[in-house]
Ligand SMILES: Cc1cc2nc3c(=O)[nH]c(=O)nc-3n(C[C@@H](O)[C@@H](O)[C@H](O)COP(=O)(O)OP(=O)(O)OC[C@H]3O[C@@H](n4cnc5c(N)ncnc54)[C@H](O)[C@@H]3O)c2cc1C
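In structure tokens, the next block holds one chain alone, the form predicted on its own.
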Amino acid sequence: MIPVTVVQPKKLSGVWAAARAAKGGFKFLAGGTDLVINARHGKNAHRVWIDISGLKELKGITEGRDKIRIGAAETAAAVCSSPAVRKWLPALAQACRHFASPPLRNMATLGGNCANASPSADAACALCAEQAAAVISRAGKIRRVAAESLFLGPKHTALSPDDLILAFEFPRRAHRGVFIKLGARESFAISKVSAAVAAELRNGVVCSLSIRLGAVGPKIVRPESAEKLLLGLRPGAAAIADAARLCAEAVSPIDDVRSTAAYRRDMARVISKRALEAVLLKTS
């Protein structure tokens, strides 16, 4: 690991001063759960780390009239313990509850999980299912984009080096949501396959549906054909089974140390079916 200088701005305005001084040779440091490990394995050539973990502007979980806002530096532990998140963003709350291990949940941030762009990132999978918008600042100029549009491929995002995720915003809506992961253990393990589903039903009919699958493609997978199949239906077991098959057809998994592509594809069908049943056939 090369020597690094850690800069800790007191305010958000100090971040851009530090970035200018580093002349592009910097990385943002939040929880550090991925950055430090990558650096130890020689995957980081930046000699300046700008520590944003303590910035108040990147903290807080607020429940507004029509949206929920979560600061990008909020930890997985804070997210899953928030009453507002559990009420309005159930898939995200469940994903953060099963995220890694308790010590890592107390360090890893929502923004970091997104910016790291791992296809198996649990929180990022749920962010997309919950229709998150990322609030991004570049040298003080703010823009909002769909969080899902940031993911381009494994460890590759649409963010420029000086883009900083400030927060995530979600529509405040009554809906059902679930996150299910398959790993060597329920927690303490990277997902082999994961599924996040968020849905709204009126009188038993599906009026909105988001399905996202993790660890089964180069980025988080949206099986649109499965969503379209179920929209407008009063779903039953047969329709859900058909949608689960479409989910499996949408993935492009690989063989790696955690699993085989064939197993992942089959489990994408199984996990999708379980998630859809939990959300769409729930009676209470």
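All figures in this text were calculated on a predicted structure; none of them were measured in a lab. Residue positions are given as counts along the sequence shown, with the first one as 1.
What follows is about the form predicted together with this ligand, which we do not show.
Asks: Does any heavy atom of residue 37 come within 4.5 Å of a heavy atom of this ligand in the predicted complex?
Replies: So residue 37 counts as contacting this ligand.
Asks: Taking heavy atoms and a 4.5 Å cut-off, does residue 107 contact this ligand in the predicted complex?
Replies: The answer is yes: residue 107 has a heavy atom within 4.5 Å of this ligand.
Asks: Does residue 246 reach this ligand in the predicted complex, with heavy atoms at most 4.5 Å apart?
Replies: No - in the predicted complex, heavy atoms of residue 246 and this ligand never come within 4.5 Å of each other.
Asks: Does any part of residue 55 reach within 4.5 Å of this ligand in the predicted complex? Heavy atoms only, please.
Replies: Residue-level check for residue 55: no, no contact with this ligand.
Asks: Going by heavy atom distances of 4.5 angstroms or less, which of 120, 94, 82, 131 would be at the interface with this ligand in the predicted complex?
Replies: By the 4.5 Å criterion, the partner-contacting residue is 120.
Asks: Just to be sure I understand the contacts: of 193, 72, 209, 147, which is the one whose heavy atoms reach within 4.5 angstroms of this ligand in the predicted complex?
Replies: It is 72 that has a heavy atom within 4.5 Å of the partner.
Asks: Choose one stretch from 195 to 203, 82 to 90, 209 to 217, 109 to 117: the one whose residues place a heavy atom within 4.5 angstroms of this ligand in the predicted complex.
Replies: Going through the listed ranges, the match is 109 to 117.
Asks: Can you name the residues of 226 to 259 that have a non-hydrogen atom within 4.5 angstroms of this ligand in the predicted complex?
Replies: Result: empty, none.
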